[in-house]
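Quick setup: one chain, the form predicted alone, written in structure tokens, and binding and motion questions come after.
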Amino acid sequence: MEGSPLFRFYFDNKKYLPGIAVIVGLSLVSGVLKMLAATYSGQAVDYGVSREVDMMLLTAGMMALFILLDCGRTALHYHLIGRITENMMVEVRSKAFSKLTHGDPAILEEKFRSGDMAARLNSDINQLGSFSAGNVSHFSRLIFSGLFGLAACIFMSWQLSLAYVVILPLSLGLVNAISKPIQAQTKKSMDNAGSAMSMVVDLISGALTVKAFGCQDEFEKRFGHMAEHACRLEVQSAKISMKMTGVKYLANALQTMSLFLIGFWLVSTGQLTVGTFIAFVTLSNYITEAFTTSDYMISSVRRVSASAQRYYEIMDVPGEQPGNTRKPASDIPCEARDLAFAYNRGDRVLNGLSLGIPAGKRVAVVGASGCGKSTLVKLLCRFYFPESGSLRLFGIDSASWDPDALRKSLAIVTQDSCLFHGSFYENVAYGRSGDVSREECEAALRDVSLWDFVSAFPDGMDHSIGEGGRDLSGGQKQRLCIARAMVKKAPLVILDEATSALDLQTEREVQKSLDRLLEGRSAIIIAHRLSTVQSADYIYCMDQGKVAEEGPPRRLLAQKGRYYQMCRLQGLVED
């Protein structure tokens, strides 16, 4: 839906519109009740001045009734606001989170950073939640009270109403024109704050590295620049708000001065009763209240529109390219022919790559950094698609696979141990969407030689590993990731530099766990450290995005080509 992102937000959540309409309707009722209460208060004064006590008490009672009704309306009003806002925001936040988990991974990786994404999911959606029912209710109440007050004022005295009828439209138009830049400036400020949040995430996750390299001052400087830029944008918005406030107060002063000058003249000439003038003043307060908050209303709409714009930058990320195939057509995990691929239309990372992974075999892909090994993994996982060439996974073209169905056939262990805050059991169970028995979890932990460590805790597998597994050593983290891959029982295992971050002793221990993981499975082993690929059945040696050399390890060593030179540099063979 084109147009304002805020209108689009309400359109996309239209099932909540009847509830919001009820809230706005109650705001309208509030305006009617306030108008009636003020009118009867004026009549009570006039009856009191003329000593008609019975009529004065009757009208005063009517005034009290309308005030009590408005109190009851207020209680119902806020109850509905809480219910609607809570339900609406739970759904909105869930939709955004679902987009992150099911959106195109290539676009998400390219356009968003973790800190900025967290800001969009939290502060931006919180602003939308506060506005969507709460502010709408408050603003509509002020507007309806002001409109009904203006209508009653015109009915009581058209002369006094001229102060509002003439000045009010002109000043509102001027305030709206002045406020237009606020939305764009708020959007920039939020983007900048999101970038600063991403830097905070980087600093927290890499705190030790930052301190070790003495980069604290550099991080502070960069963060300071971002904060300063955000501050400048806020100052610019504040200047605009000051202009709006100036216009508002000037118009308010003119209205008040005109009201009392004309009102005193009308009362003194007998054209207006004292009670009517008091009722008029009471009702004019509702008009004044609506007008004096007009700048805040308009700027709030501009700001929340910027939040909605940032929200839809997430929601407009397309989902993964769908596929219809859910079952393999072959037991051959991978057949790639003449693959070409480039990120963002830049230089090609893969350029004519051809390789195959036979069923039940361990295939290693080695090469210097930047040769395209990790890109190949992304293509195998169907995160990206080749620009040209053929990539068949289990006998099916990668683009034809349903992404979730394909990934059920894959288990991956990466260089960075990706663990989550939770227990040992929960982290292992993620390997098969939570469908893992405690017995299976224990068996996997035994296979990776972690059971003795885990069972030593009083709560065993239910013991929390801390955020990102911070309570574990590097080897323990990696073995826990291997256990997670084990319970998945996938026919193809992808090892992406799985031991490159470990010391030699820990690597030997983890390698034993990997050997258990790979038993009876096909595997592609991406490695820079060649000690981990000596047991591979076949090796592809990559260079500049294509295969430079291939064959069984012994044959490649005998050829004394590129693979032999790499092994010699790592001390695995002697001259």
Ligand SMILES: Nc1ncnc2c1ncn2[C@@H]1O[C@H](COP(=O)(O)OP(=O)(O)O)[C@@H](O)[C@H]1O
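Residue indices: 1-based, along the sequence shown. If you're wondering where the values come from, they're calculated on a predicted model, not measured in any experiment.
The same protein also exists as the form predicted together with the ligand; that form is not shown, yet it is the one meant from here on.
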> Is residue 477 close enough to the ligand in the predicted complex to count, meaning some heavy atom within 4.5 Å?
Replying inline: no
> Within a 4.5 Å heavy atom cut-off, is residue 372 in contact with the ligand in the predicted complex?
Replying inline: yes
> Is there a non-hydrogen atom of residue 343 within 4.5 angstroms of a non-hydrogen atom of the ligand in the predicted complex?
Replying inline: yes
>> Under a 4.5 Å heavy atom criterion, is residue 384 part of the interface with the ligand in the predicted complex?
In response: yes
> Picking from 459 to 467, 279 to 287, 81 to 89, 364 to 372, which part of the chain touches the ligand in the predicted complex when contact means heavy atoms within 4.5 Å?
Replying inline: 364 to 372
> Would the ligand be touched by all three of 109, 349 and 378 in the predicted complex, meaning a heavy atom each within 4.5 Å?
Replying inline: yes
